[in-house]
Ligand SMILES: NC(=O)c1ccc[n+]([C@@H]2O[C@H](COP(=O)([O-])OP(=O)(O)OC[C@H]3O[C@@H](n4cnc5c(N)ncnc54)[C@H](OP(=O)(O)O)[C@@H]3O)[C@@H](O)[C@H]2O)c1
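As structure tokens, one chain now follows by itself in the form predicted on its own.
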Amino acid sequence: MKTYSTIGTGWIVSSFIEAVNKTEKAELVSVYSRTEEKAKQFAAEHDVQSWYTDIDEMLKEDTDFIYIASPNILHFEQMVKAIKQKKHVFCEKPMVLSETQWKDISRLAAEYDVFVLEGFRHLYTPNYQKLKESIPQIGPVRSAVLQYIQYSSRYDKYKEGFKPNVFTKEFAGGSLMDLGVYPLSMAIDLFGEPEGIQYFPVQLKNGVDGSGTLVLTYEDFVITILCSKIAQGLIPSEIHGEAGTLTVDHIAPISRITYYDRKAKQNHEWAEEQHEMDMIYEAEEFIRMITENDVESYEKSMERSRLVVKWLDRVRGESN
């Protein structure tokens, strides 16, 4: 059984711990927080004896991997520290903020012989794999509309005058980095690198994008991505082909996949039963990858992360 430590104390960390527990393939041995109070409390909640407020001290422990779910701006520095201690790293999205940072991480990971994985949980579920396998059946793709529009409770805090990390430039927050990265990574994983990209942000008074529209251009089709943390979306996402249309109820997780056959004018439901806690699948894949030393899968996931951050970095620079 593998052993691991966590950086961060938010709900996403608790969800990851629960998901890993269900796999029965790794054991949590220590946690880190910047404050002693939170570190102690989080350790107690998850029945862990060791807690730290010093990352360097935690990384001296004999563990297999580190799970990072700190504010976006801290990911790169913390990943570098972990890699240099020869720890595999599972980092929540966005793993890095620029292609330059990606290159540094990739180089260090090779130098210290470890794997790093970006937490795109939606890309490892059975229903996503079913969606991916179904694309050829809809004929030549002509367009797609992918949406992740989810009102954030932290937006209320922002409107009250507080500065939540996800709504500040200092912590690389905003709708695109927090939610838009889900459909963007899906588009790149399904269709490859786009030929061009444009982002039309709806900026809040502090300059952070509360919502926005991302347009990806390919040789024969266009993908429109809608993302928002200041409204609530109700419509599904669609991929339109000449022979039919695929509709998914949500980007992460996918619970329903409906195929509309244009000629037969019939709907077919293709989704499968899967764990409600979809983080199980990415946790299992990461543990399998490092256990089997699966270099091919690692390189494939890293290349996808490179392409995602390449285009994120470009549109963020243009919109600032």
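Don't overthink the numbering: it's just position in the shown sequence, from 1. Treat the numbers as computed from the prediction; the structure is a model and nothing was measured.
The next section is about a form of this same protein that is not shown, the form predicted in complex with the ligand.
Although the partner is absent here, residue 88 is not a contact residue: none of its heavy atoms lies within 4.5 angstroms of the ligand in the model of the complex.
Proximity of residue 189 to the ligand in the model of the complex: non-hydrogen atoms within 4.5 Å are absent; the residue sits far from the partner. Proximity of residue 71 to the ligand in the model of the complex: non-hydrogen atoms within 4.5 Å are present. Although the partner is absent here, residue 92 lies within 4.5 Å of the ligand in the model of the complex, judged by heavy atoms. The partner is absent here; in the model of the complex, the one residue of 212, 241, 183, 119 having a heavy atom within 4.5 Å of the ligand is 119.
Shown without its partner, this chain lists 106, 245, 165, 134 as candidates; in the model of the complex, only 165 has a non-hydrogen atom within 4.5 angstroms of the ligand.
Proximity to the ligand in the model of the complex, taken as heavy atoms within 4.5 Å, picks out 92-100 from the listed stretches 201-209, 79-87, 137-145, 92-100. Of all the residues from 166-204, those having a non-hydrogen atom no more than 4.5 Å from the ligand in the model of the complex are 171, 178, 182.
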